[in-house]
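We begin with a single chain expressed as structure tokens, specifically the form predicted on its own.
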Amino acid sequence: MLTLLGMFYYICLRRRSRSGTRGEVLTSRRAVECNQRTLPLSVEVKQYAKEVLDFSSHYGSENSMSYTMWNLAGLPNVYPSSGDFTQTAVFRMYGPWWEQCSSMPQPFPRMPLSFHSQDYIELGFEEPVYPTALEVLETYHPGGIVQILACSLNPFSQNPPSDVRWEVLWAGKPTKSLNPQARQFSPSIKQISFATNLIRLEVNSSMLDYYTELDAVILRGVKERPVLALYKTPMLDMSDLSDGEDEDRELEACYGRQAEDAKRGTGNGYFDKLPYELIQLIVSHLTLPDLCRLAQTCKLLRQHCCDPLQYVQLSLQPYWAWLSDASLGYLQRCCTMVQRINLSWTGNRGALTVTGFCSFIKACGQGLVCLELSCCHFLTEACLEVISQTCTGLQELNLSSCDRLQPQSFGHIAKLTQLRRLVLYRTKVEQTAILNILTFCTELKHLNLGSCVMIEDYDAVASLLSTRCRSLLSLDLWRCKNLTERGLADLASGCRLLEELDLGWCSTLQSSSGCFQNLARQLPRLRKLFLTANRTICDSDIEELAAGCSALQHLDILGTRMVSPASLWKLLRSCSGLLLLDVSFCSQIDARVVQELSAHFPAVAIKKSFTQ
């Protein structure tokens, strides 16, 4: 007698034999039995990225090419050389240190264990192909790539498809490479059923010792669809059993008794004896897809899975590739009590519409205190207007890299007077809007204005912060080009509670004015200070930090020529809690000094990049 599994397979083969020709079945069967991939006759195409289409962050400036994501387009600039080169693509963060800062938001619960991504970049190639290989040329501290995806949409076509699909070509966990040297990363990728010229790399740099640098991406593929992608005999489709009287009778013989037993059962077993709260606690550990699957099992569990208490905190970022207006519509019924929601990376290329988003916010946004919208390019002024009118109690708003929002959109944020955390990194916010926001949002504790190139006068921003936002704990002014010692003095005198201050690449600040020494005296609570690429930092500045900022944990003085080993010894002895010190390209601090300091202070990660 056939076993249940054998019978199931037998039925499927019978069903398949009626839907395909004898020749197709035999050809596919031989290919599978020989464990060979049937390749098309066309020649493999090799192509470098034509254009960088989108990305979440980068180390570089919006107005130059140094360390920007745009360096990833075209032929390699550096490979096979290794080291720190300005011609490469570099993301904004690395290691665990950023996540240790108080300015980082609280993590969301029930995140899937398979989701590791922190940053991404999307690349367009000239010709759509069926991928056979993908190679990433990593030139410094490799190992950050955790996922590679392909999209069915041709970004250069004037006629986009109605259904945009994303397929994962490869996925892995964050790794720490013991060797910072260059490498060619070419994982084994999955065969997909559509041609693509849009590739997405997702990155997690949390385990890397320094900034990972990417030089180029090579896509290899064929223009004709592989035979096995056309006809897949081994993949059994349950819909094949939907019609066919013989199969129905055979399955009924196997499952008939079980079906009758199920019909007679009216209870929910031991679940009826468990307290409602206990079932809620068990269900709260499920990811969102598992929650949806469990809701289809019985009425009792559906009630628990649809309970609004399960959706008080909800992160949809891991599901960015599948989220649509319809998805939000279904969730709308469950999210009546939502307080924190993460929609970062979602909705791009038409997946979400302004109408769908605004409908969801109007229905579910009254109780929101945290709204994460990083890299949501569907957002318009109408969306921010709805947010400002509906989410009146909002305390955290992240619009990082929403670089397609028009400048006039940001004025609506001023109506959110209870804001505590506001991230406007890489947006087009202008002078008038940010001053208006600071005038009314006086409870701000965390503000990120990094790479906001359309703000004309950062001195005016700093001065207003010092009078209106005295509870400020963190301020990111990365690559602001016009902050002077006057603005910094106002900031230090008014925002005395500051713990984090990023002044990286603020080239208009000069140590000779005494601004950094004054900063160290006025801000004793500083835990993070980035003075990256300020060539004027000198020993007196470091010694003042050692004397006045004993709580310092993160310090970046990359690029200074005027700091000696003696001042660093003083700093490390005084700041016992120091965890990160970047002295890359500090001409007086060579590898020998770094080794000596590391030996005496092993708890401190002292960074010294190199160029081969």
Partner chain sequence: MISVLSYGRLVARAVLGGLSQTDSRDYSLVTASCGFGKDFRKGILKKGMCYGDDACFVARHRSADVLGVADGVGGWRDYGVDPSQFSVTLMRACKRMVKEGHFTPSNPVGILTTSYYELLQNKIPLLGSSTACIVVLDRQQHRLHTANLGDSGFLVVRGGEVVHRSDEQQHYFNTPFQLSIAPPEAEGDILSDSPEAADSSSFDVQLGDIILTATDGLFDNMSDHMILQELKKLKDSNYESIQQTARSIAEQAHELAYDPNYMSPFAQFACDNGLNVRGGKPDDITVLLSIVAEYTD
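Predicted, not measured: the structure shown is a model, and the values here were computed from it. Numbering follows the first chain given and starts at 1.
One more form of this protein should be noted, the form predicted together with its partner chain, which is absent from this view; the next part is about it.
- Contact check for residue 71: a non-hydrogen atom falls within 4.5 Å of its partner chain in the model of the complex.
- Residue 426 falls outside the set of residues with a heavy atom inside 4.5 Å of its partner chain in the model of the complex.
- Interface membership of residue 570, defined by any non-hydrogen atom within 4.5 Å of its partner chain in the model of the complex, is ruled out.
- Of the heavy atoms in residue 49, none are within 4.5 Å of its partner chain in the model of the complex.
- Looking at 542-550, 49-57, 573-581, 557-565, the stretch with residues near its partner chain in the model of the complex, meaning non-hydrogen atoms within 4.5 angstroms, turns out to be 557-565.
- Note on the partner interface in the model of the complex: the residue among 114, 510, 336, 431 having a heavy atom within 4.5 angstroms of its partner chain is 510.
- For the options 530, 360, 166, 210, the one in contact with its partner chain in the model of the complex, meaning a heavy atom within 4.5 Å, is 210.
- In the model of the complex, the residues of 70-94 lying within 4.5 Å of its partner chain by at least one heavy atom are, in order, 71, 77, 84, 86, 87.
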